[in-house]
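Here we start with a single chain on its own, the form predicted alone, put down as structure tokens.
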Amino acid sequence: MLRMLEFNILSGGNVSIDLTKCKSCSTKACIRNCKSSKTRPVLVLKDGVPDLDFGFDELEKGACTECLACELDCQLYGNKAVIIELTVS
């Protein structure tokens, strides 16, 4: 099993999800609140942990709206597994 799920986003930032923390998460808050610019969420539940419903190239081109909901809800209601790093220029 993968231990980390990481992907780049349009702004040049990075999303990291520690999947070892996700297995025991009862809320799956990151998935529940994931939105995207398309008609489906970026994060989906697969084998009890978050997985991507988009390819890495689609995510870098803007499929993730960078709304920060996955990180915020994971911090508040989940197991603190999601970290989003955004670039500042």
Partner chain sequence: MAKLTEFESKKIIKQAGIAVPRGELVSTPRQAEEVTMRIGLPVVLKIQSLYTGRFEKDLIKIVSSVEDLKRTLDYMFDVHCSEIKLQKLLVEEKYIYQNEYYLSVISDDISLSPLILFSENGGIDIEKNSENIVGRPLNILNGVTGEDISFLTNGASVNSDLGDVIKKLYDVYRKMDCCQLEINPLVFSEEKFVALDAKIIIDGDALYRHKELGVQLTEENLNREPTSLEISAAKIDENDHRGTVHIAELDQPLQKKGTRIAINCVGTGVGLSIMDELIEQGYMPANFGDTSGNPTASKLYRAIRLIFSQKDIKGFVFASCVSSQQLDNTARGVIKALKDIYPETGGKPGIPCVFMFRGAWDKDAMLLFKEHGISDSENVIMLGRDSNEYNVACEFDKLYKTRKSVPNNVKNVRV
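The structure presented is a predicted model; accordingly, all values stated were derived computationally and were not measured. Numbering follows the first chain given and starts at 1.
Omitted here: the form predicted together with the partner chain. The next part is about that form.
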In the model of the complex, is there a heavy atom of the partner chain that lies within 4.5 Å of any heavy atom of residue 19, even though the partner is absent here?
no
Please run the contact check for residue 84 against the partner chain in the model of the complex: heavy atoms, 4.5 angstroms, yes or no?
yes
4.5 Å heavy atom contact, residue 79 and the partner chain in the model of the complex:
no
Taking heavy atoms and a 4.5 Å cut-off, does residue 40 contact the partner chain in the model of the complex?
no
So, 24, 48 and 53: all three within 4.5 Å of the partner chain in the model of the complex by heavy atoms, or not?
no
Using the arrangement in the model of the complex, list in sequence order the residues of 55 to 74 with any heavy atom within 4.5 angstroms of the partner chain.
62, 64, 65, 66, 67, 68, 69, 71, 72
